[in-house]
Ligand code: SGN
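Have a look below at one chain only, the form predicted alone, in structure tokens format.
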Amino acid sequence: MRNIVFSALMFCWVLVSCQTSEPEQQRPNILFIMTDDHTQQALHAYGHGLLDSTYFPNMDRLAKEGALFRNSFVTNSICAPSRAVLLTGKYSHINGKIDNVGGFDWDQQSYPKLLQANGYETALIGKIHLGGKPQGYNYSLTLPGQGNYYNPEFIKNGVEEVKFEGHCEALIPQFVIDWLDTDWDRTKPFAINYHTKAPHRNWMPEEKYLSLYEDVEFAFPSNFFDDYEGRGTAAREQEMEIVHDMYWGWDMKFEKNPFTGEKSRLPAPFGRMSEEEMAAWNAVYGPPNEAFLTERPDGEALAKFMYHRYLRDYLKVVKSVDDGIGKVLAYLEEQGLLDNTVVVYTSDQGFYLGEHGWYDKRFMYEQSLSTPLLVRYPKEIKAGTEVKQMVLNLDHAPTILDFAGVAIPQDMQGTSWRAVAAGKDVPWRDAIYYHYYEYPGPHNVKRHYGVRTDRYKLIHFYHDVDEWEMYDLQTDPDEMKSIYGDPAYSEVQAMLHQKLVDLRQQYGDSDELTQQYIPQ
């Protein structure tokens, strides 16, 4: 009789145990991959023609096996504020991180905290650029500030600084795998923020890729030699032109200014390299640098040299990022974890690859405003899906919570894109709101806010100017001539002004609030 009762109790215990553990096993893991300054132009999947599918096969794999978002945008195109929006699901004026200068309040609500409180094992590995001690993570290993490409330091759990030998973009994916392999509590689903440094400036490639793309010739973008006619003061007064504003040391990889012989205002950090690494570097960069010193090109020849040095280095470090993604995906596949993992690939903002003659970001113009967004989750998302709805980095936090089965707080301002990724017909926004604050500041891009619909864009530049620009993206996709004030577009202009008013009200922004963020 005792044996019968004991067996019955054991059966009930097993049944209850299965009922409580099974939902936990079915909750998806989250792998959120964020690069820094990657742009749609540098992804074959977006069809811009700069590269073919052999360049970055692992990013292309995510697009082929999941969803590619055609209209993915940011709310404030600059590094730290974008990351704050990601974590909080709130605009910069609400989460308090409007620019790269001020601090970030880690005490506020964030999606990693909510995941952690609801049974997820969380980790932050790579770049976060928000200062302070990260909260909401069981484990963190982060770059201090911008970090370094060669032999970088990392901060473990917000406290201990540790220096590693090697290249940043080889180290970070290995750290992700190491955490999964040794520290992850496998009774819980994981949620990892896997954040790379690349392709952020100053584009120092791995040794194995120093020669990559050196024989590839790239055509100038059609508006590389832009004279900025047809636009306002902001486009003319920026300081982000490849030919006029890049540093000979930091960007072009010369020891001294080749025209003046003076040390670069911002030299490349060659001192971080070992003798062997420096020798490998000089073997590739030395001969073209010497040829440049002999020829001393000017005009279009100078522009061609600088454009190619920039673009090739940029693409080389993206290649390392792609390798790292492939390495992590292969590990998840080997472990049988990949198909139960929501893999999100994006960047903190877009970037200029010579459009308008520029590098960097900040403007509300398309290359800066838009970001890559690729998502793989075969349980819900069909291979080869294309999403045309306009999504924002504001939406990532509620989406991740949605996938995790965690209630989305009402004060998060974004909307989960889970349903649209799955191909469902759900009500969606018809316009997005943008606001950039960091002026006066690096690159001299004036403060501005604006609205974008599927076809039109209205921008207001303010603070030391009061200028409006408007674009028809269907007839002028390169945004070369503002149509603000054109009588033919009067009705569209009135509609955009009203949408701007409505969105500012919806998101709690106003001229009064904006004034609080302007230094007096």
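Since we're looking at a predicted model, the values are computed, not measured. In case it trips you up, residue 1 is the first one in the sequence shown, and so on.
What follows is about the form predicted in complex with this ligand, which we do not show.
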Original post:
Between the options Asn138, Asn151, Gln109, Asn100, which residue brings a heavy atom to within 4.5 Å of this ligand in the predicted complex?
Top reply: Asn100
Subject >> Sole residue of Glu206, Asp348, Glu355, Asp313 within 4.5 Å of this ligand in the predicted complex, by heavy atom >> reply: Asp348
**OP:** Among 377-385, 165-173, 206-214, 358-366, mark the stretch whose residues have heavy atoms within 4.5 Å of this ligand in the predicted complex.
**Re:** 358-366
Original post:
Any chance Thr187 has a heavy atom within 4.5 Å of this ligand in the predicted complex?
Top reply: no
Original post:
Just to confirm, Arg231 within 4.5 Å of this ligand in the predicted complex by heavy atoms?
Top reply: no
Original post:
Contact between Glu469 and this ligand in the predicted complex at 4.5 Å, heavy atoms?
Top reply: no
Original post:
Hey, in the predicted complex, is Cys79 touching this ligand, heavy atoms inside 4.5 Å?
Top reply: yes
**OP:** Could you list which residues of 177-201 come within 4.5 Å of this ligand in the predicted complex, counting heavy atoms only?
**Re:** His200, Arg201
